[in-house]
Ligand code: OGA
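Taking the form predicted on its own, here's one chain by itself in structure tokens.
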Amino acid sequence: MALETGELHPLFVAEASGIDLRRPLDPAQVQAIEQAMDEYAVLVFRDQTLSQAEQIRFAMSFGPLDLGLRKLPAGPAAVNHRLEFEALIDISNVAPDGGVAKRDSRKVFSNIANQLWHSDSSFQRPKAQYSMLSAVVLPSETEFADLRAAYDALPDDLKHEIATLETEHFALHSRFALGDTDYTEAQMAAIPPVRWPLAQVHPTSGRKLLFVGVHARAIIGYSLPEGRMLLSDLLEHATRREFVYRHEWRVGDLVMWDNRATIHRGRRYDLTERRELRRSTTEDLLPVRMAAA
């Protein structure tokens, strides 16, 4: 069957149907999904209850898989991994014994960090391309913001100012801000800071975008306080209500988003309630261009 889409937000996001994600995709289906992602940046597939193997196969249709913070040696995302595949990221508050993790556990710390606006793996090179999140048990919601619309709405003088600026992204910047500082020198060195243009051109759609998020900790060439204040202002701008879609999860949803065009955050929920989602993510192997290029 052919992919069909229906808009869920005036600026981005569509509900996608017509393809059974449990079955291998043919080249035409992969191309159709990629084209829809260029247009909408977020696709919501309903009633797609995937096994772990099916989710991995679907993700691999779009490129090599990213491990994110699971690359950290003996890090909290690497130990006690309870899923079948290393490249599946466990977005849950489920402890290794199958119960609900204690609210002061490292796993819960990680979930709380996910409640900050971010782009997956912007702290590494290559950064993430697509993320695919499959809902198993879910007491919370997720918000997405369109970085393309945010760029379009910037005043011209600010577009000019940021056109050639670079930002430094660091994996543990958000964790430190939340008081999660128990990392070794080896862990911090495993994913060193990387630099990305603040204003970019999306590699396949050609649209300009504002690449901000909580992993960005400095602007190259600006003093630390000046850079952080500008990043804070730009993140506030990018997450204005008119640029944001709030997804209310259903069991069986698979939401796919473009980390190059959006940022997202989980919303606060009762930590005593079981929450379980599985994320697969692909690497972005295309070159990154400044908006001024």
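Don't overthink the numbering: it's just position in the shown sequence, from 1. Source: prediction; values computed, not measured.
Unshown form predicted in complex with N-oxalylglycine; subsequent notes refer to it.
This chain appears without its partner; in the model of the complex, the one residue of A218, L165, I91, V108 with a heavy atom within 4.5 Å of N-oxalylglycine is I91. This chain appears without its partner; in the model of the complex, the one residue of D152, D180, E86, E141 with a heavy atom within 4.5 Å of N-oxalylglycine is E141. Only one listed stretch (234-242, 28-36, 52-60, 261-269) carries heavy atoms within 4.5 Å of N-oxalylglycine in the model of the complex, and that stretch is 261-269. Under a 4.5 angstroms non-hydrogen atom cutoff, N-oxalylglycine in the model of the complex lacks H9 among its neighbouring residues.
Although the partner is absent here, S174 is not a contact residue: none of its heavy atoms lies within 4.5 angstroms of N-oxalylglycine in the model of the complex. A residue is said to contact a partner when one of its heavy atoms sits within 4.5 Å of a partner heavy atom; H169 fails this definition for N-oxalylglycine in the model of the complex, lying far away. Shown alone here, L277 lies within 4.5 Å of N-oxalylglycine in the model of the complex, counting heavy atoms only. Within 4.5 angstroms of N-oxalylglycine in the model of the complex, the stretch 119-141 places a non-hydrogen atom from each of D120, L133, E141, taken in sequence order.
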